[in-house]
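The chain below stands alone and is given in structure tokens; this is the form predicted on its own.
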């Protein structure tokens, strides 16, 4: 029976947004840890590591996220691995994010002038101390904007998980639309929630940038 789109439906969408935020957080943490290793593998003067990192980045960035979701959710069970929707989504989003984080942070690290490395060496600092105390703080300031920009895209890309039945904001919108037959109101509400999440991230990014540059 078709019913009206009411305030409880809005609350349901807002509650479903928890999973959208949760997925983005999981992907940020998992992808961030792996992305840092990839960034280091790209800049260390070890050719086999460089080639491995480049191959991984090209593979992940060169294939659609939806295809990666399907591989984990439908492919792994065929190989005998029991994988639920949450596990499949967390793994695929983390791997997807790691390739982009790795390239963003590699670019930020390599954008620090070589003179900074040389100055640290002239002061007798070890490679590790030059990296952590001289290069990394400068790279962080450079990486903030593109990192947050990708996070905004990541939040929106979580909507693809609805295609494997994971109930986040987009899937919740589909469920309510089927019950109310009011797609315009439902999806406008969902779009407003996505906007609030992404706009908040953008504002936090600006605040962080000002503080890192000493202008806040």
Partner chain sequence: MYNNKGRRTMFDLKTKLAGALFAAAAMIAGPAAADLQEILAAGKVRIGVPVDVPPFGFVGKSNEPVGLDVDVANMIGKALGVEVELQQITGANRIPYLVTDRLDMVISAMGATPERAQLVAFSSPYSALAIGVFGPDSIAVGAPGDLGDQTIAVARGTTQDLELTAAAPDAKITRFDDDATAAAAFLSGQADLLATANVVARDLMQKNDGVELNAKFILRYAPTHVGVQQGNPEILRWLDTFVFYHMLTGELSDLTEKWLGQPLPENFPSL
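Positions refer to the first chain, counted from 1. Bear in mind that the values here come from a model prediction, so they are computed numbers and not experimental data.
Not pictured, yet referred to below: the form predicted in complex with the partner chain.
Undergrad: Counting only non-hydrogen atoms and a 4.5 angstroms cut-off, does residue 117 reach the partner chain in the predicted complex?
TA: It does not: once the partner chain is placed as it appears in the predicted complex, residue 117 has no heavy atom within 4.5 Å of it.
Undergrad: Any chance residue 167 has a heavy atom within 4.5 Å of the partner chain in the predicted complex?
TA: Although the partner chain is absent here, residue 167 would touch it in the predicted complex, with heavy atoms inside 4.5 Å.
Undergrad: Contact with the partner chain in the predicted complex for residue 73, defined as at least one heavy atom pair within 4.5 Å: yes or no?
TA: Yes, residue 73 sits close enough to the partner chain in the predicted complex that at least one of its heavy atoms falls within 4.5 Å.
Undergrad: Taking the partner chain as it sits in the predicted complex, is residue 145 in contact with it (heavy atom to heavy atom, 4.5 Å or less)?
TA: Looking in the predicted complex, residue contacts with the partner chain do not include residue 145, since no heavy atom lies within 4.5 Å.
Undergrad: Can you check 167 to 175, 23 to 31, 38 to 46, 51 to 59 and let me know which stretch has heavy atoms within 4.5 Å of the partner chain in the predicted complex?
TA: Among the listed stretches, the partner-contacting one is 167 to 175.
Undergrad: Just to make sure I understand: among 33 to 53, which residues lie within 4.5 Å of the partner chain in the predicted complex, judging by heavy atoms?
TA: Residues within 4.5 Å: none in this stretch.
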